[in-house]
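Form predicted on its own, single chain, as structure tokens, below.
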């Protein structure tokens, strides 16, 4: 038992040391990193627009784009998890160093969640439909579209201007992320069970973390 405690203490010491080094490196470069996020988001959006406007006719390219679209769906799920992790660990009262780090870039994790999800939808459903003809929307596709629908107001209001204008309503709008998470989890259970289980695990952790905070008599703001 003592050996296990010593190992856990060493792991915790290593984690804190690593996070201190990460924060020491990222803190002075925060704005540069955020600017890099913005550039990446703009370039990705422009690439997506080009693909929409110039639908390729080469079948091999379509197969490649479809495969890329599936990967983007997984990336979107991963970014969604990163967006939600800070709130979960805050409510559990653990890993504050990790939360501080993730909060520095949380907004851009959320923006990339939406952009990757839009591109995933375009490359796996809309572009093939435009090229080969529309087919009836299946259950898992409908669930994905609902998740994307809930994500749209989150994307539109992920900026300082919306925070100032909406004030207290901003938190209410961004509570839609939990509905986005739920429908995204259902969607991915059909298409990528491993990713779906991961998102469902996040759903469960969200619920448990809120129950933990309620049990301690705290108010439960979003985040």
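Residue numbers count along the first chain shown, from 1. Values in this document were obtained by computation on a predicted structure and should not be read as measured data.
FYI, the form predicted in complex with a small molecule isn't displayed, but the following is about it.
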| property | result |
| --- | --- |
| Every residue of 83, 178 and 213 near the small molecule in the predicted complex, heavy atom within 4.5 Å | no |
| The unique member of 127, 98, 145, 104 whose heavy atoms fall within 4.5 Å of the small molecule in the predicted complex | 145 |
| Position in contact with the small molecule when the complex is considered in the predicted complex, options 26, 158, 45, 192, heavy atoms within 4.5 Å | 192 |
| 4.5 Å heavy atom contact, residue 77 to the small molecule in the predicted complex | yes |
| is_contact(residue 91, the small molecule) in the predicted complex, heavy atom dist at most 4.5 Å | no |
| 4.5 Å heavy atom contact, residue 66 and the small molecule in the predicted complex | yes |
| Interface membership of residue 141, the small molecule in the predicted complex, 4.5 Å heavy atom rule | yes |
